[in-house]
Each structure stands twice: as structure tokens, then as C-alpha cells.
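Only one chain comes next, encoded as C-alpha cells, the form predicted on its own.
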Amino acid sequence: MDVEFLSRLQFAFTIAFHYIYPPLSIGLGVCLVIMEGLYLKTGKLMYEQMTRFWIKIFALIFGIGVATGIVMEFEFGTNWATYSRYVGDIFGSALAAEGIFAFALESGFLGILIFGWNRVSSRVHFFSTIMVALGSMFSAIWIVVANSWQQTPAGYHIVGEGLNARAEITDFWAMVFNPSSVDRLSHVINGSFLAGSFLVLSVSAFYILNNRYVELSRASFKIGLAVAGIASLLQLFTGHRSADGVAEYQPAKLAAFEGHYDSLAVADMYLVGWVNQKTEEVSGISIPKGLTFLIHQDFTTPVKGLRHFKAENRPTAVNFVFQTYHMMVAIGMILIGLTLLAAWLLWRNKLFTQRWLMIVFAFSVLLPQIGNQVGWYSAEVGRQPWVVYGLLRTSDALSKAVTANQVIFSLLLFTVVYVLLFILFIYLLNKKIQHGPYDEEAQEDIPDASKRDNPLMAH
């Protein structure tokens, strides 16, 4: 195995593991704002217990997310030194903005969020919850901006030549609002809302199935369902916008999404299929001319296929891109179907009597996670062989001094550490879930614990 493959494998492994946690914290942050907002509005103890419980889960996810994110920044310097030098001016600005406007905001108010109960007023605590939720989203904004610039570079010029060449910002806001950043950001944020809300739905369904914390779990399920329902429908719109952007700025990637090889021809849209890269043919179930209609809103305009591009400038893992892209779309449609069905049953007051559906929701937490991961795979593998689209090839971005054995050693080391971290995360998460939002026996001794004074009036 060569250094390029191993370095790509290592980066994919570390970022895929890290990418479990930020979407969860972003989505859960929104749910926390709603839960605590309901507590302030109604004064019900149930919402306070709900908020306190999910803050503990949020803190656990945030901590693991920070620990796993540090490794990637070191990898830029160790495995991808040429790339780091090339994009240093661009990434330096975006990552500095993330540190100043996002991480500092998020981590600064996190202490009040976790330890501020009974130490600050209800308004201050709620304000801290909002700031933490916004901070987690701001962090995503700058990371996605930096990544989007790699997909659709803008607001820069190249200085130097050869190995000394690097991109330098000429227009900061053109760099920030590069052609794909807004569409990709809205897609990522909605995916994060789905990840967090389905965690709430999953745990709530687990409690309902086991007849524990029933009233609280039904209320938290409704909150999760509201966030998931809106986000899943919005994801349909943002996904279409992203596909339009890929069609305009990265047509080779779009062709790989659907395994479309003909240089210029109308293109089908596959529901399921398999790409034979040797024969350059796709077998499966398709909507005839569906991709043409999706992109051009007619059935006659041709779509550029992979043969339109030189072999050295098109993705090589076409079947992998095809499969991950279609898995992402299929999961998105399943999430829409699940949330609409649940909303309809809730409207008919039959939702919580459907045991089979509660079982489905208990396991549904995996779906947004898989959807986010395969969506990222299709986006990143689909832009190969470029690390910066049209400017810098992945093979040229490597560090020249790193050997294959060194990368294998660090990959094995990261694997061991991340497996241990994941086991620790699952153990702690399960422990918090098993303990629950409050002591069930003690709660029964409270004669009128369903309602407290309105906290807004108490301060």
C-alpha cells in the first residue's frame, strides 16, 4: 500500500469517527433550547428534569467530540504538509474564525449550562443554553466554509510555483460565500438536526417501551418529532439545491453519483443499481431521464457523463460514490416517511399505542448517523482526484517525508485509541440512560411535583 492510500484511509477513519459527535451536539442543542424554553414558559418540573437530563448527554457528546477533533489538525501538518501550505491562508482564516466566534462561545457558556443550575437566574441559564446551541452551529459554519472552498474555490489567487505555490485570499467574503458553501451548510445543519432529534426520539421510545418516565418521555418524543419532521422535509429541499450546485460546478462528481458515462446524453436516475466500472454500465431500477429532469427540469437536455472528462480528471471509485450517494438519499426518504407517519398517528392520538413503531424509533438513531457518514463519503470521494477542485491533486498534497510504515503505525494507534474512546462513550451514555432523568422512587414521594412556580416570575 502506498502513502497516498494510507494517508487518505487514516484521514477518512479519523474524520468519520469525529463526525459522529458534532452533528449530535448541534441537533441536541436545538432540542435543549426548546425543552428549557418550555420549562420557562410553563414552570413544569417535568421540563426542568428533561433539560437537566439531556444537558448531561450533551456534555458527554461535546467532550468526546473535542477529544476526537484534535487529531485531524495534527494530520494536516504530518501527512498533508503540501496541502497545508497550499490552503494555509484560506484555512487559517476559517479556522481562526471558528475558534474565536464558535468554540469560545460554545465552551465559554458550557460551564454555566452544566453547573449553573441554582447558581444563576433562569434567564441567564436559558441564555447560556442558546449561546451553546449557537456556538455549535457557528463551529459547523466555518468548518463547512473551509471544506466548501475546496469543492468550489473562490476569492483567491495563486502565488508561487510548483511545490511553493499557495492560495492567497483576495476577497474574504467571496471565499466565505463560495458557490457551494450556503447549500452545503444548510444540508449539513439539517443533517445535524436529524442526528440530535433522532437521539431524543430513540431514548424517549426506549423509555416508553419499558414503561419508565412515560409522561416525560412522551413530551420529549413530541419535541424530537417536531425538530425531526421539519428537518427531514427541509433536507429534501437542501439536497436538491446541493445537487444543482454539483451539476454546475462539479459535473464529474454528479455523473459519478448516477454512474452516467455517456459524454453528452439524457441521463436516468437510479433508485438502486450497481456500476460495472470495466464495462462502464449500470444495472438496476431507474427512472428514465430522471436525472436530466432533476437538473434541467425537462426531458431533453443532455447531462455531461464521465467520458466527457479526461480519465485522469474523473473519480475512480465510481461504484462506491454511486452506492454511498444512493444510501444517503434512501435514508433521507425513510426519515421523511417515519416522521410523517408518526406525526399523523400523533394527530390521531394513536402514536404511543403503536409498540412496533416505538421499537423502530428506538433503533432509528442509527439512520441519520449512517446518512451523514455516507453523504460525506460520496461528497469527498466524488471530488477525487482533486483535494482542491481543479487546483491541487490529492497525490500532490502529501507530505514528502512521511513513509508508509509511519502512517500504518499511526493508523493502528488511532484505531486502538478511538475504539477505546467509543467503548467509553457507549458505556457512559448507557449508564446515563439507564439512570434516567430522575430517581423514580423519590419522585413518587413528591405529592405535587408536576408543577412549580413559573421560574420567569421567580427571578
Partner chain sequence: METILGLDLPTWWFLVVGGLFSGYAILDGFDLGAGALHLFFNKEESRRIVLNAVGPVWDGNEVWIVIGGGALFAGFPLVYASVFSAFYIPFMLFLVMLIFRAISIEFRSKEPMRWWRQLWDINYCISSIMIAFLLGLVLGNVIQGIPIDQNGDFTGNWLSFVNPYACIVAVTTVALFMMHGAIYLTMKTENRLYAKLTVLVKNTTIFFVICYAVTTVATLLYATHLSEDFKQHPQLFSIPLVAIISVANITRQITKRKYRFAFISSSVTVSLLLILIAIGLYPNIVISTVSPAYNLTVYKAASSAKSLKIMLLFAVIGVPLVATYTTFVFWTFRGKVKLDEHSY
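Owing to the predicted nature of the structure, the values given are computational and were not obtained by experimental measurement. Positions refer to the first chain, counted from 1.
FYI, the form predicted together with its partner chain isn't displayed, but the following is about it.
S.K.: Could you check which residue among M137, V303, L110, M358 gets a heavy atom within 4.5 Å of its partner chain in the predicted bound form?
M.R.: If I apply the 4.5 Å criterion carefully, the residue I get is L110.
S.K.: Which residue, V266, V124, L345, A362, is the contact with its partner chain in the predicted bound form, using a 4.5 Å heavy atom cutoff?
M.R.: Filtering the options by heavy-atom distance leaves V124.
S.K.: Kindly confirm or deny that P153, I158 and Y249 each have some heavy atom within 4.5 angstroms of its partner chain in the predicted bound form.
M.R.: No.
S.K.: Is the gap between D89 and its partner chain in the predicted bound form 4.5 Å or less for some heavy atom pair?
M.R.: Yes.
S.K.: Answer with yes or no whether V407 is in contact with its partner chain in the predicted bound form, where contact means some heavy atom within 4.5 Å.
M.R.: Output for V407 is yes: heavy atoms within 4.5 Å of its partner chain.
S.K.: How about R307: is it within 4.5 Å of its partner chain in the predicted bound form, going by heavy atoms?
M.R.: No, R307 stays farther than 4.5 Å from its partner chain in the predicted bound form.
S.K.: Answer yes if any heavy atom of L421 is within 4.5 Å of a heavy atom of its partner chain in the predicted bound form; otherwise answer no.
M.R.: L421 belongs to the contact set for its partner chain.
S.K.: Given a 4.5 Å cut-off on heavy atoms, tell me which of 231-239, 73-81, 258-266, 198-206 is the interface stretch with its partner chain in the predicted bound form.
M.R.: Flagged stretch: 73-81.
S.K.: Judged by heavy atom distances of 4.5 Å or less, which residues of 154-170 approach its partner chain in the predicted bound form?
M.R.: L163, R166, E168, I169, T170, in sequence order.
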